[in-house]
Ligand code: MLT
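Listed next as structure tokens is one chain, alone, in the form predicted alone.
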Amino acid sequence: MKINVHYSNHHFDELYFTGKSSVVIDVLRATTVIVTALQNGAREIIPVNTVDFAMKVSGNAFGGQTILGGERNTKKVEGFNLGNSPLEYTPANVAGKSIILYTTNGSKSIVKAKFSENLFVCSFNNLPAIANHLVKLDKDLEIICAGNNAGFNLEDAVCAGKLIGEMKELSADIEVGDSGRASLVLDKTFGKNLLKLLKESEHGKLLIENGFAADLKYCAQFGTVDLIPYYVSGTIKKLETGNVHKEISNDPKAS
């Protein structure tokens, strides 16, 4: 089982991920939002890569069971129901609903990897559950760090390193590429205190400046959610016991 880490998806054509197993990480805050929303009863998340497409999809919704969520440059998009703070995705707001999600980095990364055979979403909150599932799946893996505006960010890289570390503890049959080895070093250096890491990261500082300090504390929680979000047919859903990803056929809605 070989693991590669990508610190941005900007230079990839979406067809690169065809037939691969992939994990998207956007700790601050899209993948944390997805994990939280599904944990709190959301029916599904529909990731999109433009605001216009989000509006188009929502225009075809009916019955009040579809809501718009996400951000542009940390702030809620005008006309959206929710922003990109995981604290907004409470059971009262999301239970039973489909959420169309647009974010500056995270949702775009998921859409970029939509042709993967297996596509999962990871945050610090659900990292041990993801690690355990990936080891059982036993397939070569592409870890995609959403980064920041097509560039590197520290928190996603540390999360990737921590994911690889957890997997290596579960299996000796893992080969790690150079970029993955770098993420292991970053986790060893910066990953001991996750809240400190997030507060001192560039994006974390920006979120604090914009009034989202409470989000950092939530996003820094490790292993609090035993949930595996998976992408199928254009949506992200909670993996139920007994589902077999090899038998899932993706027919992406997002474009």
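Nothing here was measured: the structure is a model prediction, and the numbers come from that model. All residue numbers are counted from 1 along the displayed sequence.
The same protein also has a form predicted together with the named molecule, omitted here; what follows describes it.
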Pick the stretch from 28 to 36, 222 to 230, 44 to 52, 182 to 190 whose residues have a heavy atom within 4.5 Å of the named molecule in the model of the complex.
-> 28 to 36
Which one, 81, 93, 104, 98, lies within 4.5 Å of the named molecule in the model of the complex by heavy atoms?
-> 104
The named molecule contact at residue 71 in the model of the complex, heavy atom, 4.5 Å = yes
Considering only heavy atoms, tell me if residue 207 and the named molecule come within 4.5 Å of each other in the model of the complex.
-> yes
